[in-house]
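Just the one chain here, laid out as structure tokens, in the form predicted on its own.
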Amino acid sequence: MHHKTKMLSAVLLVSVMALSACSSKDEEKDNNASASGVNASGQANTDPLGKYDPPIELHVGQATDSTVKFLDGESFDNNPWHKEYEDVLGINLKYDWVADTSDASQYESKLNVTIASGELPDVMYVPKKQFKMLVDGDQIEDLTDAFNTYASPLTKKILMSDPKIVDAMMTDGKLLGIPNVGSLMDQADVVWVRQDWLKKLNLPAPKTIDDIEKIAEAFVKQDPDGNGKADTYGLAANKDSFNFPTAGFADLTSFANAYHAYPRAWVDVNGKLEYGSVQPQMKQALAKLQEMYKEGLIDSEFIVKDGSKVAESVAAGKLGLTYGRYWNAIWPFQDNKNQDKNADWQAYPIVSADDETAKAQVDLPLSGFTVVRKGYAHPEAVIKALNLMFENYDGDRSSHWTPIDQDKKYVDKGVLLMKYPLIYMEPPTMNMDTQVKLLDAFKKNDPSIVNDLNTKRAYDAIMKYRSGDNTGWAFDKMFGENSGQAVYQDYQKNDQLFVNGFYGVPGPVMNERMSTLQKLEDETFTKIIMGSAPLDDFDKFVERWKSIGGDDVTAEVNEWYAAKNK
């Protein structure tokens, strides 16, 4: 951890210790903070959930998407979370605008117009590109003091769980936005295999890249579905097979990881970051893929199929081998299970092409920041809202919130209340923690261990599956004893993650050049795999990549890297 990160971590650690050491007398302080943040005794009120009295208004630019649903009569202005902010914190949310993020370009256009006008809402979520615009324009509030003063011990514990998250929070030593971070581990691929097909064909579990090739060959040539037709596929692939980090199913990134190649990631080579897709290891991975494609072990039409189209082959029982994330169990494998009760998918660690252990490639899951308009009188209100979200879902208030969140009227309509908070993020270790709790609860036959919302959902589904209802099967494959999350536990124990070396805000050169460079990369790799270009075209690709902007992007990335490691 570099010097700047150490400094912030030390401040946060002191703050956690101080808050944790509060006496019972301190806890009895008046929680009714006035609009100026001062309590009745004239002292500053630093309660992480201190209520404003009189209430304050917080104007919001709200991001939404197609998954956000409301019951009849409810809206962003009228829902349980809106009421929670009013009742607990004395914060009255006012929505200046609501914009759909389903079309990223439209949302970015809305933000760009808002930023250019200078008429910002008090709070809004922005992707990394717009965050940099706001930082450069000095338009957002420094939240460092507000965070150190008002963030709860739980909030600090969660956000400090990974040094890179602390790193991502900082801009020139300041906290200028709350990062929307997720789990590193949940981005890792595993090898998913139809276990029932392995058993039928008397094949061993995959342990090497040669095993992957043999399984793919058997699934193509030995009629694993038993219908007497040559209609099953080998290794899954789709038209965006190296779309790291946004893929997650039928992706070939982790196939490349077997050769210690890291496409679309940045790799430390002798103290400098280099682009993984132009390293010699990538050529080795492409050579094997070209060989497998020629042998018919990869769908000849993969270039015209997206992930959803490949998922149709899974549901139809025509595909039994793919790289993907732990959540593939719920989509698309559950669809396969619904149609064939004997279908049984099993997760395995990714394999290596040599004696060196393969590392699953992941990216720091930082999509953007929640920022506060510069000059807003109550920047700490956003920190309090973050505290409340964590306390309701993961802390002492979960017993209050869970019955509301899981009310039948919402669950039956597929309404997710977690879509409504001003800020929502899941603890980076949430799903791994869920798996540990579940196994402990099952081992001890003690449901009381299941004491949070995420674990309860999984527990109830697995119990349903164990009682004969296959609709809960996916949760067993995500969180059970032999599950995707079980493989992740092994990854953590065995240090089997490769983290993308660049996790900063893209600079102007990257913003200008990277889409052209990635288009060249996609076209070249696809042609090599399909055999329409020779393997040695990889070397020509590397030269061209560097000459049309790759070297410039690399220089810009290393300016960031050098600054981070001071």
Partner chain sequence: MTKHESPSYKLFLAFNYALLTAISLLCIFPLIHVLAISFSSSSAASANLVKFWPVGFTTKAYEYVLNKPEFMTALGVSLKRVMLGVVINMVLTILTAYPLARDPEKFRQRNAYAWYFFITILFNTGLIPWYMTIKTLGLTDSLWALVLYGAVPVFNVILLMNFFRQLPKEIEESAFLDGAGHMTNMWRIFVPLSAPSIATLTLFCIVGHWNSWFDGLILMNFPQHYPLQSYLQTVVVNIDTSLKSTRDIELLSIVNDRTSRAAQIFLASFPIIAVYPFLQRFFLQGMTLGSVKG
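The shown structure was predicted, so the numbers you read here are calculated from the model rather than taken from an experiment. Just so we're on the same page, rigid core means the largest C-alpha set that superposes within 1.5 Å between forms. Numbering follows the first chain given and starts at 1.
Heads up, the form predicted together with its partner chain isn't pictured, but that's what we're talking about next.
Although the partner is absent from the chain shown here, Y95, N338 and N431 each have a heavy atom within 4.5 Å of its partner chain in the predicted complex.
Using a 4.5 angstroms limit between non-hydrogen atoms, D469 is distant from its partner chain in the predicted complex.
In the predicted complex, its partner chain stays beyond 4.5 Å of every heavy atom belonging to S254.
Heavy atoms of F390 never reach within 4.5 Å of its partner chain in the predicted complex, leaving it off the interface.
T402 falls outside the set of residues with a heavy atom inside 4.5 Å of its partner chain in the predicted complex. Residue P365 is the only one of P349, G90, P365, G234 with a heavy atom lying within 4.5 Å of its partner chain in the predicted complex. Just one of P245, P80, G296, P447 comes within 4.5 Å of its partner chain in the predicted complex, counting any heavy atom, and that one is P245.
Stretch-level contact check against its partner chain in the predicted complex with heavy atoms at 4.5 Å: of 354-362, 377-385, 156-164, 321-329, the positive one is 321-329. The partner is not shown here, but in the predicted complex the stretch 412-440 reaches within 4.5 angstroms of its partner chain through a heavy atom at L416, M418, K419, Y424, E426, M430, N431. After superposing the rigid core, the C-alpha of T526 moves by less than 2 Å between the shown form and the other one.
Once the cores line up, the CA of D72 ends up 2 angstroms or more apart between the shown form and the other one. Comparing the forms between the shown form and the other one, the C-alpha position of D196 differs by less than 2 angstroms, with the core used for superposition.
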